[in-house]
Structures are given as structure tokens and as C-alpha cells.
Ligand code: 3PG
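One chain comes next, on its own, written out as C-alpha cells in the form predicted on its own.
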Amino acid sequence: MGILTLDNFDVKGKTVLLRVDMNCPIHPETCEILGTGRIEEVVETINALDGAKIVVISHQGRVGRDDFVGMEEHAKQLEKFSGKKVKYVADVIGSLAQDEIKKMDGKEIILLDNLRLCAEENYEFSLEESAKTIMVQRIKDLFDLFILDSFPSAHRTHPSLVGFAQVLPTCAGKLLEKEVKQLENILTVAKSPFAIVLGGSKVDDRLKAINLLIKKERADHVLLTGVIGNVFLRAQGRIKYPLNIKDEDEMVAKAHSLIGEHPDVFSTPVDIAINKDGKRVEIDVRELSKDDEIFDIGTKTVEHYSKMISGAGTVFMSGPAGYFEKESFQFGTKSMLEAIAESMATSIISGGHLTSALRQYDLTEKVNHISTAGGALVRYLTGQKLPMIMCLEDAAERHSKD
């Protein structure tokens, strides 16, 4: 790889800014962290930074959603898994954060608050403009080294991801370094037909992913679940009422266009599980009414999708099939993961929710590659150059000239 790693730097006594991705699934009612996989992964890089003053930064959720919470519980979990004292600072770039960083000693680890509490972090910038943001300019001089270890966000251009990389010596952390090496190896053995199982609630991201994967001949069969599955059912006219999601008309129109361009690629649910007074009830899609809450795919859909997975050469799954945080609606997600684990296909599972689910169902050892990345992994699989990798390559080039 044409990027720098921690092996290229002596970090002892240095103050390092470590950008990780600890964006975890959060219980919508209790705000409890439901899966700690992304937090546990940070430990390897922290252990490699022995003797450095470590300031950890991450985002959590999106503004206005149930998973948009502070980082205090993350700090407790990071302390638990690392075995090192982690101090939570309820600030990001203000005077409190700056003062705490300035008075650090070599044995301290600080976790700053949710990056998206800063307005700029909720937008994407060009690489050049990201370096000029208030976030970057206000705290950049407090650090000797910037470490990028957040592959799940590698396709984004938020200031915390690409801005600091323009103004500080920058290298990859252990997780990112390992992830890219493993993916390079996986892609050398990937074979057709490619089956893509997509779920989750990030509809716009999923539509972009589908388009990219089909264009790059990485999607012979797209098996749809979750909210994105509902959007395609709406585009097919099989759901006849509004879904009440953001930019719904635009999303449905895009789905309709994709179906028209690639009519033999997509499979949508034939039956679904609805939430009826807190209980799981399976019905045919044609029986849906506007008052029904779709929480999972049904048994017939699972059987159909499982057969397609069994005949695939490579299977990629991203996003849960339903509301798997609730026990009675785990069936679709668990069944899809079990079908993939039992298949002979090269298997790639992506996203923090599915990483947690694999552990919960004891399937971790039965798939070829597990990545907490979602959208970033999709773009990597299609051969697109990720902004984070571009930043690391630029930083390596600058370093070679110094």
C-alpha cells in the first residue's frame, strides 16, 4: 500500500489524534449500546500507541435520530475493553476540550464527545475546504500526529476524516491497515455469480450502492430486505401507501428506474412480518394495509433468498433484514446470516449491526470477511478510490518529501 502506518512513526511522548468509528447500534428506548464490536476494534491501535498521549474522536448516529447520543457510555466501554483509563470529555473543540488535551500526561486517554455536535461535521467538504473548517483550525496545533482508523467512514469527507489529514502528519491505524490488506486478498478469490443482500434504513446510500455494484458487475442478484426492500416494493406498486421516509418520492423513483434498467436482477419480499400489538405476525405482501408496521421479512422470503444464496459464488450482505433489536423480529437477519455461513460462497458481511449480529448468533468463524464498514466497503468493492485512502496516499507523499 502507498500509505504510512504506525511503523513509520515514533509516537512516544507525542500527542496523537486518533479518528475511529465507534458508531454503534443504540437501543431506541434505553439508549443502551447494543453492539460493542466497533469499540473493541479500537483496542489494537491504542495498544500500539504505548507512550503516546491519545485523544480519541468519533461520531455516533445522526442528528435527530434515536442513535444520536453522547460518548460517555462509549468511554466506559473503551476503558473496559482496553484495560486503560479513559477520560470522557463533554466537549469537542471548545475550551474544555483544549484545556484537557493540553494538560494530558503520557498515561492518559481522552475520548471527546460526539463529533456531530459540531455543525461542520454534519456536512461533507472538498479535501481542501475541509482543512479550513473551524473544527480543524481550532485544535490542529495541539497534535503531533493524526491517525485514521475509521474504515467504515472511509467514503465520507467530513472535516474530522479528511481535514486533519491535510495539515498534520497522517498515517493509518492498525484496523484500517489490516482491513485493506484483507480485502485485497478476498477480492482476488471472489467469483461470480455475485449475490448482494441489502437491508437497513439508509435508503439513499443503498440505492447508490446498488447502482455502483451493478455497473461494476458485482451484483448478479440483489436480494432486498429492510426499509430499502419496502422502497422497491413501493416502486413495484405492491405497497400502495406512503412509507413516510425522507425524500420518499425521489427514492421510489430511483428504485423504479433501477428495476426498469435491470429487471432480472432484483428480488423483493413476498411475505413480511408485521408488528401486531407487540407480536410477530407474518402476512403476504399483498395483504398489507397502511396501518401495518413492517418489522421483518417472512418465512417464504427467507426460503427463496436462501436458495439464491446457496447458488452464489460470492455473497455480500450489508444491513439487517428487519428490526433485529427486538427478539421476535430477528428471524430474517439471523436466517440470512445462517444461509450465508452455510453456503460455499466467498462471504463478506459488512456494517456494525451485522457484525454484532454475527457474534450474537455465533457465526463469526463461518464467514470469510467481516467488516464494520458499510458504504465504504461497497465503494471499495467496486474499485472506487475512497477519500480516506486518497488522504493517506497524499500524506505519505508529503512525508517522503520532508
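Just so we're clear, the structure is a prediction, and the values are computed from it rather than from any experiment. When you see a residue number, it is the position in the sequence shown, counting from 1.
What follows is about the form predicted together with the named molecule, which we do not show.
Looking at the named molecule in the predicted complex, residues R234, D284 and R286 place no heavy atom within 4.5 Å of it. The partner is not drawn, yet in the predicted complex one stretch among 189 to 197, 89 to 97, 151 to 159, 216 to 224 has residues with heavy atoms inside 4.5 Å of the named molecule: 151 to 159. The listed set K202, K174, K140, R280 contains one residue whose heavy atoms approach the named molecule in the predicted complex to within 4.5 Å, identified as K202. This chain appears without its partner; in the predicted complex, the one residue of R62, H27, R359, K366 with a heavy atom within 4.5 Å of the named molecule is R62. Interface residue remark: K178 is not counted as part of the site for the named molecule in the predicted complex, having no heavy atom within 4.5 Å.
Taking the partner from elsewhere, R38 is found to have a heavy atom lying within 4.5 Å of the named molecule in the predicted complex. At least one heavy atom of R116 is located within 4.5 Å of the named molecule in the predicted complex.
Contacts between 123 to 137 and the named molecule, taken as any heavy atom within 4.5 Å in the predicted complex, involve no residue at all.
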